[in-house]
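Only one chain is shown below, in structure tokens, and it's the form predicted on its own.
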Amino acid sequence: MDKIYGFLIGPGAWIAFSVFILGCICKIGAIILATPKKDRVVLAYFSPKYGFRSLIHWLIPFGTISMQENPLFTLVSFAFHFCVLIVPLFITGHVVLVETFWSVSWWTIPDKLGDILTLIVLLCLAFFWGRRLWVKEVKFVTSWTDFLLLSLVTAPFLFGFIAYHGWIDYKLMLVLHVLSAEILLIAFPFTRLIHMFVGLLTRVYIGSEFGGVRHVKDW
């Protein structure tokens, strides 16, 4: 188990982060390069003013009509995306690993807070699982790939939470935590998870079109 863990935090981590970074760059670059051929209107009517105005409104909780009409989903969605970014980046164990291997460090959140934020992530994921399973209009458009993506996101947080509390074999849970996290990083650029980056570009484009062409708000 120690050898597996050593590989995962060594060569495995390099492979996972390399695929993640290069994959995201290639994916976003391909979209940008294809834009002039597929939709010249985007460039002709692109407006930083309207694009970023729209982006800001959609990044503010309850900043749009659709968010206000679905308060529970909005609250869960914003809580999830906030925590899913904060926990991996600022939890002590992760920062210590980065400092050990790359001599780079930044501030961390208290372990207790990290534990609470991880629990929030898991509760939000349970909510998303429930919507896919029991809400008719969501279940109708759900396929096995949606459950696979939910599983990919759930696994590292669940195994990490269990390992932190020592409920089951610590070394096994730690290995599963790191392994599932690296699988998630590798899958990220090639699945709909990339929406966390591409969605920002899409929102700027929609804002430009609605504000600069249609002269209406898109929120």
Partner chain sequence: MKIKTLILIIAFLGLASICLGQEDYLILGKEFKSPERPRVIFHHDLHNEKAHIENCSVCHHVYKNGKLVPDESSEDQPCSSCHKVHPVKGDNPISLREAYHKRCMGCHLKEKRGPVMCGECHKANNEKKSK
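Residue numbers count along the first chain shown, from 1. None of these values were measured; they are calculated from a predicted model.
Beyond the structure shown, there is the form predicted in complex with the partner chain, which is absent from this document and is the topic of what follows.
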{"item": "Three-residue site Ile9, Ser103 and Asp111 fully in contact with the partner chain in the predicted complex at 4.5 Å by heavy atom", "value": "yes"}
{"item": "Answer option from Val95, Leu149, Val76, Leu122, heavy atom within 4.5 Å of the partner chain in the predicted complex", "value": "Val95"}
{"item": "Residue (of Ala187, Ile162, Ile194, Val175) lying close to the partner chain in the predicted complex, criterion heavy atoms within 4.5 Å", "value": "Val175"}
{"item": "Contact of Tyr170 with the partner chain in the predicted complex (heavy atom, 4.5 Å)", "value": "yes"}
{"item": "The partner chain in the predicted complex: contacting segment from 77-85, 103-111, 122-130, 136-144, heavy atom within 4.5 Å", "value": "103-111"}
{"item": "Within 1-31, the residues that have a heavy atom no more than 4.5 Å from the partner chain in the predicted complex", "value": "Met1, Asp2, Lys3, Tyr5, Gly6, Ile9"}
